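Consider the single chain below, provided in C-alpha cells and representing the form predicted on its own.
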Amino acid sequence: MKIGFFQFSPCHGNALENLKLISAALDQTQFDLLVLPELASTGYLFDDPMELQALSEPADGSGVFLGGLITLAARHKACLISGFCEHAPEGLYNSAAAVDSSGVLCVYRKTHLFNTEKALFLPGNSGFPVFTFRQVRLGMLICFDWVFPEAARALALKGAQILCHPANLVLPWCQSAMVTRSLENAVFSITANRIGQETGQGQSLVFTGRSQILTPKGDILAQAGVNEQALRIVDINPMLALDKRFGAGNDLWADRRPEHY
C-alpha cells in the first residue's frame, strides 16, 4: 500500500483555494492513502465563532471541501483523510473525515481539544472509530490527541493497523511521542502537520511542520522539514501491524493485564 501525507499552509478561510492547492500538489501522484492536516479546509485561528461557522460544512460530503475531496479521491482511486470544521445541529466540531470515491467512509470528532479550541468547538463525542479501506483497518486521531496514550491504544485494540493523524502542531514534542505511540501499539502512523503562522484569539502561532510516517517499530520512513511544503509517499506492508510480538518472549496484546490498570 502506498501511504503518505501532504504538508502545507492552508489559505485561511478559503476552502476552494485549499482544494486547488491540494489537487495541484497531488497531480500525477500515485497513492492509496493520503493524510492532510487538521482543519485543512479553513485554517486554525478565528476570533469570531460566527466566521468559522460560515466556513463549516456537514459531515455527509455535501459541502464544498469534503465534496471536492471525494472527487479528488475518485480521480486517484484512493482514500483521503483530512481535518475540517464540521457543522452539526448542536454546534461545531473539529473533525476529520476519511473519503473515497463512494463518499464519506468515516468521521472522527476530536476528543481532546487544545487550549483556545474550547471556545470554538464542542468536545468530540464520536469515540475512536475504526474503518476498513482495501482490507486495511484505519483509525484517526487529531493533533492534541497524541498526548493521551489511551487514544492510540483504543484504536489499536480495535484492530487499527495505521493511525492517521491530521495535526496543527505548535508544541515541540509530538513527533517524538508518536514514535512511542507506534511502538507501544505496533502500528504504522501518519502525522500530517501544517506549516506557516496564524494570528488570532489573542495569540500568534507558528506551526512546526515535520510531518512523518512511522513503522510499527517506531522507525521513520519519511519526514518533512519544519517550513517546507512537502508531499511524501512510501510503500508499506500493512500486515506487519498485525504482528504484536515484542522480541522473542513477549506479545503486546497477550501480555496485557488490564485487571490491574
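As the structure is a computational prediction, the values presented were derived from the model and not from experiment. Start at 1 and count along the sequence shown; that's the residue number.
Just so you know, the form predicted in complex with another copy of the chain exists too; it's not on screen, but the next bit is about it.
Visitor: Consider Gly159 of the chain shown here, and say whether it contacts another copy of the chain in the predicted complex, taking contact as heavy atoms within 4.5 Å.
Guide: Because no heavy atom of Gly159 falls inside 4.5 Å of another copy of the chain in the predicted complex, the answer is no.
Visitor: Find out whether any non-hydrogen atom of Val147 is located within 4.5 angstroms of another copy of the chain in the predicted complex, and reply yes or no.
Guide: The answer is yes: Val147 has a heavy atom within 4.5 Å of another copy of the chain.
Visitor: Test of understanding: in the predicted complex, would Lys118 fall inside 4.5 Å of another copy of the chain by heavy atoms?
Guide: Yes, Lys118 lies within 4.5 Å of another copy of the chain in the predicted complex.
Visitor: I'd like to know whether Ala177 contacts another copy of the chain in the predicted complex, with contact meaning heavy atoms within 4.5 angstroms.
Guide: Result yes; Ala177 sits at the interface with another copy of the chain in the predicted complex.
Visitor: Quick one: which of 76-84, 135-143, 169-177, 97-105 gets within 4.5 Å of another copy of the chain in the predicted complex, going by heavy atoms?
Guide: The contacting stretch is 169-177.
Visitor: Only one of Cys11, Leu252, Ala25, Leu240 comes within 4.5 Å of another copy of the chain in the predicted complex by heavy atoms, so just point that one out.
Guide: Comparing distances to another copy of the chain in the predicted complex, the residue within 4.5 Å is Leu252.
Visitor: Would you mind checking 103-123 for residues with a heavy atom within 4.5 Å of another copy of the chain in the predicted complex?
Guide: Counting only heavy atoms within 4.5 Å of another copy of the chain in the predicted complex, the contacting residues of 103-123 are Thr111, His112, Leu113, Phe114, Asn115, Lys118, Pro123.
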